[in-house]
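Starting off, we have a lone chain in the form predicted alone, written out as structure tokens.
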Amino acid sequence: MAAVQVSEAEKVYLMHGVRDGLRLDGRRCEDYRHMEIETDVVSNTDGSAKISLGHTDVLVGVKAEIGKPKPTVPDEGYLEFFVDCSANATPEFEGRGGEELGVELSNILYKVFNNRHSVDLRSLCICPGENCWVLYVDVLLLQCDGNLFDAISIAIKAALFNTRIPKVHISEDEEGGKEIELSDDPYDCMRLNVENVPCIVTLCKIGHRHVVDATLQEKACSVASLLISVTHKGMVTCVRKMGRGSLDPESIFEMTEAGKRVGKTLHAPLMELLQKEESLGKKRQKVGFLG
């Protein structure tokens, strides 16, 4: 993962600030940086979103294709994740440098999102045991300035909210076989219920305290991080420790409670923003380089 070099004097200065509840950019320990979200930014996808969190930029596209359901769950569809770390994000991703991080991100996203508690996978079923919708979620990391997991999870939730899946009409041919027809009407589509889709909150342990939405400089001062995926009701669906350092049980409990609190307050304004943007329709002004 992208990293920066921080001197010992800078580490001490930063850690003392966090101890006193003040960070280098003036935020409190549980504050996010300025966030910009835009949906429907890629025309050849069924849903897309771009997020800028500080100087971290992430682009997500969702493509729906008809496939075969998994034998263990014949009445459900599923999601597939692919993360591409652009070499423009940081020199460390040049060549094959970003592949390991991309695989790690994909595996964590699969655990967080590809389950019936996050997405209504049964709504993606077309014919049980025969056909289902497979949602291919492609994540492109454009710029890296820390806190990738949070930014990616928010962008995925926004892209799934924006996703429109064509309605399917099933008919029988003369031989009794099934024929699948997709509606050509762009308004005759199925929308996903993203209410229960969680957002990831990453908490970095710095000294005896923890911070949310750490920058690369703060990440360099952290020995361990805790990834917590939280639903809009504050329910934790996944927890994972990152980093080489250890966390004592008291710290884990404090960080989990903080993650639940921060994650719960993150969903309401996000959904309000997405619904407001969608209500503008074609009047919505597109911004950024994809405008």
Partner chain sequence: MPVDTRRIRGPEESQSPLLFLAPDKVPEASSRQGVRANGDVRPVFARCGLISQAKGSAYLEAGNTKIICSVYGPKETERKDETDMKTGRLVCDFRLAPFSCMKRGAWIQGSEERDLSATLLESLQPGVCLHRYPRSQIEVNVIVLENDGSILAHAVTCASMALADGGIEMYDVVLGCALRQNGNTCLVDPSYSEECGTWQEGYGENQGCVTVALLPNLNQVSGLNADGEMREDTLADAVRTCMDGCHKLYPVVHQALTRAVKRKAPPPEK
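Numbering follows the first chain given and starts at 1. This structure is a prediction, so every number in the text was calculated from the model and none was measured.
Same protein, other form: the form predicted together with its partner chain, not shown, and the subject of what follows.
Exercise. Assess the spot marked by V103, L226 and M235: is its partner chain within 4.5 Å of a heavy atom from every one of these residues in the model of the complex?
Key: Answer is yes for this spot.
Self-check item: Option from 131-139, 186-194, 79-87, 113-121 whose residues, in the model of the complex, bring a heavy atom within 4.5 Å of its partner chain
Solution: One stretch meets the cut-off, namely 113-121.
Quiz item: Given that the partner is absent here, does K260 sit within 4.5 Å of its partner chain in the model of the complex, heavy atoms only?
Solution: Yes - in the model of the complex, heavy atoms of K260 and its partner chain come within 4.5 Å of each other.
Quiz item: Is there any non-hydrogen atom of E65 lying within 4.5 Å of its partner chain in the model of the complex?
Solution: Residue-level check for E65: no, no contact with its partner chain.
Quiz item: With a 4.5 Å heavy atom cut-off, would you call T72 a contact of its partner chain in the model of the complex?
Solution: Close contact exists here: in the model of the complex, T72 approaches its partner chain to within 4.5 Å, heavy atoms only.
Quiz item: Might L247 be said to contact its partner chain in the model of the complex, defining contact as any heavy atom within 4.5 Å?
Solution: The answer is yes: L247 has a heavy atom within 4.5 Å of its partner chain.
Exercise. Have a look at S52, T45, T231, T39 for me and say which one sits with a heavy atom within 4.5 Å of its partner chain in the model of the complex.
Key: Among S52, T45, T231, T39, a heavy atom within 4.5 Å of its partner chain in the model of the complex occurs only for T231.
Quiz prompt | Contacts with its partner chain in the model of the complex, stretch 14-47 (heavy atom within 4.5 Å) | solution = Heavy-atom contacts to its partner chain in the model of the complex: nothing from 14-47.
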